[in-house]
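So this first bit is one chain, no partners, the form predicted on its own, shown in structure tokens.
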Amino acid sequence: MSVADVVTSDARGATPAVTVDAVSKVFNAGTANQVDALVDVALDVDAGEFVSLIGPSGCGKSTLLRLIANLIEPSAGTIHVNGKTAARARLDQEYGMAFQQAGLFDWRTVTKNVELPLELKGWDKQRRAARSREMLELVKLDDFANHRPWQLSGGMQQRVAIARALAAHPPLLLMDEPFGALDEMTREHMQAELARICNETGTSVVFVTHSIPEAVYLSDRVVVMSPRPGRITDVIDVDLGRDRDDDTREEDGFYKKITEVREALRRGGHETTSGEPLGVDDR
């Protein structure tokens, strides 16, 4: 058993990373423009677990992620992050976030971008520098520490964004289509890098995607959501081992799980094509 396996095994007995209990979300309630985005959603994410949310455009995947992050409030139900209310977890910076766009500041070096959340937490200069070096080594970009973001490729920028999100060692990482704008080869490379990083750090992840192969490759569980109003219609366990690489994509078990997720999506009322994203616009 590897060190990562031991860390993960121990973490799975800890307080859940996320608990979503009977959560609903309504936008513009009581108006002609009312949108029932989510209805009675319940989900637990174990410590150290990687969970992907997949479903058609507008099914509420990103809304659920923002609710967990306490960027918006639920209309009903409760959310806890690492045993705290979502609001308290946000104030305590219990999670990091990464989006489809890297969101780096071009006037700051790669190092200074990674250090930003540490500056906000009041870390001293020496401690920030040490942690940024550690994070850039983790994402294999230590040779680019003094570059500006515009000097990096899209995939490299996303790796910097992941390093920044992980800089304060949050127990939870929330990711919304972080690789959606990348070409296929870069996207697969970034998936492998993310799997490696999460395996090494034991970080819990909630990951929004439209891609079935991406969800299967990365996840311990794939959560399938219905068209709006969003509900969880199925949860697919993915047992492909902790150490995933390019060979994982060639395994029979990988293709079997892709088929299982696709069939779950079809049962939920949405069609997909093999390996294709489900859509490009999600609320």
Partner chain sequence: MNATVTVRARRVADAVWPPALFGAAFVAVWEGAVKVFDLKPYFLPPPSAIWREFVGNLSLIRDAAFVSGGNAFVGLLVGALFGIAVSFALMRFRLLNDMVTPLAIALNAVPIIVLVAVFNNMFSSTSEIPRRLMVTLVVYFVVLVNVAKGLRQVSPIHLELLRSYAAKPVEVIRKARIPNAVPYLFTALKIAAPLAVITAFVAEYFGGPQNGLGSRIVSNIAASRNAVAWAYVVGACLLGLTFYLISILLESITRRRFGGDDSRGSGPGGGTT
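Keep in mind the model is a prediction, meaning the values are calculated, not measured. Positions refer to the first chain, counted from 1.
There is another form of the same protein, the form predicted together with the partner chain; it is not shown, and what comes next is about it.
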Considering the partner chain in the model of the complex, which of 101, 75, 201, 85 comes within 4.5 Å of it through any heavy atom? 101
Contact residue in the model of the complex, from 127, 189, 90, 196 (heavy atom within 4.5 Å of the partner chain): 90
Contact stretch among 75 to 83, 209 to 217, 109 to 117, 139 to 147 - heavy atom within 4.5 Å of the partner chain in the model of the complex: 109 to 117
Residue-level contact is defined here as any heavy atom of the residue lying within 4.5 Å of the partner chain in the model of the complex; does residue 179 satisfy this criterion? no
Check whether residue 71 has any heavy atom within 4.5 Å of a heavy atom of the partner chain in the model of the complex, and answer yes or no. yes
Can you tell me whether residue 66 touches the partner chain? I mean in the model of the complex, with a 4.5 angstroms heavy atom cut-off. yes
Answer with yes or no whether residue 97 is in contact with the partner chain in the model of the complex, where contact means some heavy atom within 4.5 Å. yes
In sequence order, the residues of 152 to 180 that place a heavy atom within 4.5 Å of the partner chain in the model of the complex are 164
